[in-house]
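In the block that follows, a single chain appears as structure tokens, in the form predicted on its own.
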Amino acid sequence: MALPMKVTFTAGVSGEWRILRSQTLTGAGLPAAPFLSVREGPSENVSGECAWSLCGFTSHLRYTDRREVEALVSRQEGLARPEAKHAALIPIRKTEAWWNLAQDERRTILEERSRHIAIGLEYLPEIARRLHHCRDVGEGFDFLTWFEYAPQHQAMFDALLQRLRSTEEWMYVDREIDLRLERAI
């Protein structure tokens, strides 16, 4: 995968993913829509039938040390696996207090105290994930987190989210929406 890569998530009347649920956990929500499309690379203008569109960019791993990078690479499986018929898009925005911390302070909260990376590793390879950065491109979120998994791993995915949301890191989240999806085509 070339870095950075633009990825656009568009909700509307058609798409390869059916939106099963959209739950606003904190902050403002998104308009309702029945489907979601995911486009990698340059995208065309969004049509008038679009309820909303969010854009992010893949990037290099951040806040990870060499051991964590090697563990992620060795265990992570790719997206679009045939058995991964369920997905989740979770847009997240963190508070200004988070961004006012120095990077080493954010790393300490993220991993040393909240164990974000270590927790995520426990759910690989069943839960595939990709992070899209959008803080600096004018979106209302900092990250668009994308997950794919097989239907039998739904409870595992819910457990992953519950653990992450109970950490100190999540005290810095001021906008989060949890969209659950199933493959429509």
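These figures come from a predicted structure and were not determined experimentally. We number the residues from 1 along the sequence you see.
Unshown form predicted in complex with another copy of the chain; subsequent notes refer to it.
Any chance all of E122, F157 and D178 sit within 4.5 Å of another copy of the chain in the model of the complex, going by non-hydrogen atoms? No.
According to a 4.5 angstroms non-hydrogen atom cut-off, is E105 in contact with another copy of the chain in the model of the complex? Yes, E105 is a contact residue.
4.5 Å heavy atom contact, D65 to another copy of the chain in the model of the complex: Yes, D65 sits close enough to another copy of the chain in the model of the complex that at least one of its heavy atoms falls within 4.5 Å.
So, L61 and another copy of the chain: in the model of the complex, are they within 4.5 Å at any heavy atom pair? Output for L61 is yes: heavy atoms within 4.5 Å of another copy of the chain.
Please determine whether W52 contacts another copy of the chain in the model of the complex, using a 4.5 Å cut-off between heavy atoms. It does not: once another copy of the chain is placed as it appears in the model of the complex, W52 has no heavy atom within 4.5 Å of it.
Of 123-131, 35-43, 22-30, 52-60, which is the one stretch near another copy of the chain in the model of the complex, taking non-hydrogen atoms within 4.5 angstroms as near? After filtering at 4.5 Å, what remains is 52-60.
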